[in-house]
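So this first bit is one chain, no partners, the form predicted on its own, shown in structure tokens.
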């Protein structure tokens, strides 16, 4: 396993309309539950587990996921990602995800909670066929400290790279450093405490669909702010400022429901663990 605290490799394939694991390997403080099939679509749902309950100083995690042609998967976590104080070495998580022709992946991890003096780096690399579909979300909270102070962590850094036919088509990099950035202020969090991001890539996305997305967003509210941008490939990215994880999840849920209804005529199911 080398220097990795936890390693997880999962290869899945389509067998007569049902997605099943071809190979599963995990070692150390990183595991995956047996798949759950919420409906008759054949899509497998996997829950990622951290048996230790959180990430500690110097922890390093590696995840490799591969979906073969037409395989369909939902990937989520058992609960919030908790990063405890890291006095010496930052916590690092790396994911490499391969999506072959016609495959479909929903990757919906729970919110990130960085504790006081935590330093966390995350890198996701997606390599996808132009006919594959990707839905990815993440939520960054203001963290946790014994006195209830917000943004008391050292650094939270999230990097997403999406390659299509080996060409970099999406580069998304967030780095929050409260020591040198006025996170609650103008130009950063704008007075909000939580930050949500969503990236969707699919050939079916066009301007009429983006217009439908705009209709879902209520701009006459002080509960959140939302920004939507199209990508250079068929797809879009969304940023959300809010004051709770639940407000961000509500918007993600609405978008996910629209995608499920419009593209797959599928019934949406809940991934909540609490």
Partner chain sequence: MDEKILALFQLCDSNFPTGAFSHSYGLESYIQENKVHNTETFTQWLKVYIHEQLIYSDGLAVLLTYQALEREDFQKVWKLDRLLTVQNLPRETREGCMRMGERMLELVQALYDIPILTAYRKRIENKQSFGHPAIVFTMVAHDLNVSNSDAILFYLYSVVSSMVQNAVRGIPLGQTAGQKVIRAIQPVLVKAAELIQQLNEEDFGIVSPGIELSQMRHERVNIRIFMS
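Since the structure is predicted, the reported quantities are computational estimates derived from the model, not experimental observations. Positions refer to the first chain, counted from 1.
The same protein also has a form predicted in complex with its partner chain, omitted here; what follows describes it.
- Query: Does each of 32, 41 and 203 have at least one heavy atom within 4.5 Å of its partner chain in the predicted bound form?
  - Reply: Judged in the predicted bound form, none of 32, 41 and 203 sits within 4.5 Å of its partner chain.
- 4.5 Å heavy atom contact, residue 247 and its partner chain in the predicted bound form: Result no; residue 247 lies far from its partner chain in the predicted bound form.
- Could you tell me if residue 226 has a non-hydrogen atom within 4.5 Å of its partner chain in the predicted bound form? Within the cut-off, so yes.
- Task: Answer yes if any heavy atom of residue 179 is within 4.5 Å of a heavy atom of its partner chain in the predicted bound form; otherwise answer no.
- Result: Contact with its partner chain, no.
- Applying a 4.5 Å heavy atom distance criterion, does residue 187 contact its partner chain in the predicted bound form? Yes, residue 187 sits close enough to its partner chain in the predicted bound form that at least one of its heavy atoms falls within 4.5 Å.
- Note which of 121, 127, 150, 85 lies within 4.5 Å of its partner chain in the predicted bound form, where distance is taken over heavy atoms; exactly one does. Checked against the cut-off, the match is 121.
- Task: Go through 113, 105, 139, 170 and name the one with a heavy atom inside 4.5 Å of its partner chain in the predicted bound form.
- Result: Here the answer is residue option 170.
- Message: Taking 4.5 angstroms as the heavy atom distance cut-off, pick the stretch from 66-74, 23-31, 53-61, 233-241 that is near its partner chain in the predicted bound form.
- Response: Looking at the other structure, the answer is 233-241.
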